[in-house]
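Single chain ahead, written as structure tokens, the form predicted alone.
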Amino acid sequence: MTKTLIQDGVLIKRYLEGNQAAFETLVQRHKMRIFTSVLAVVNDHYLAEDIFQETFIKIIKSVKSGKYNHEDKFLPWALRIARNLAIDSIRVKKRMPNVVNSDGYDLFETLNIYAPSQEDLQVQKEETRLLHSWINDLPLEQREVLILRNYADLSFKEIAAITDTNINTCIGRMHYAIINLRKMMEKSSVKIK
């Protein structure tokens, strides 16, 4: 027996009629894609969580004030809000000084608060860190498309709508992101499994 998926527009309407569970369904349905898109831009898990919450606060305010008129285009609309908030946070962060140690590294990044006790977990953690580092070294446009495509599982059409570009531009950015990642991997002595 298959379960019929209620459209986002219907859930919004039900929420406006007082059904809180309808909005919770929307959040559950789209939380991974929205969170991942924010994380792609800010590259900070805790900041991404804050922006994710701020995104849904803004969505609630917009919906309740009658500003939502996108029918069943909820996800692209929500992703655009999240992306704008993430970019705003980057602008603010660029104005803030970093606390660096004598080697020039961000002090908070060098603190190892969580030390896994198993060697395999440590290796996996290092590989993940290295991959994230390479992804972070990509230009913002390439990084954003790569993460929205691979981690948020969005189509190039959806990514184009979110980033105000066309599909070919998104495909090109993805292509160059992959080329650049391959170059970084080839230069590194560490190979990711």
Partner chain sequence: MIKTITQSDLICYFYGEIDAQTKDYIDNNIDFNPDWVTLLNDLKEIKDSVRLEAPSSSNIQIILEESLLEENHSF
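In this text the structure is predicted, and so the values were computed from the model without any measurement. Positions refer to the first chain, counted from 1.
A second form of this protein, the form predicted together with its partner chain, is not displayed here; the remarks below concern that form.
On the criterion of a non-hydrogen atom at 4.5 angstroms or closer, are Arg91, Thr163 and Ser188 all touching its partner chain in the model of the complex? Spot residues vs its partner chain: no contact at all.
Test of understanding: in the model of the complex, would Arg143 fall inside 4.5 Å of its partner chain by heavy atoms? Looking in the model of the complex, residue contacts with its partner chain do not include Arg143, since no heavy atom lies within 4.5 Å.
Residue-level question: is Asn69 within 4.5 Å of its partner chain in the model of the complex, judged on heavy atoms? Residue-level check for Asn69: no, no contact with its partner chain.
Evaluate Ile178 for contact with its partner chain in the model of the complex, applying a 4.5 angstroms cut-off between non-hydrogen atoms, and reply yes or no. Taking the distances in the model of the complex, the answer for Ile178 is yes, it comes within 4.5 Å of its partner chain.
Contact between Val42 and its partner chain in the model of the complex at 4.5 Å, heavy atoms? Taking the distances in the model of the complex, the answer for Val42 is no, it never comes within 4.5 Å of its partner chain.
Of 54-69, which residues get within 4.5 Å of its partner chain in the model of the complex if you count heavy atoms? Phe56, Ile57, Ile60, Lys61, Lys64, in sequence order.
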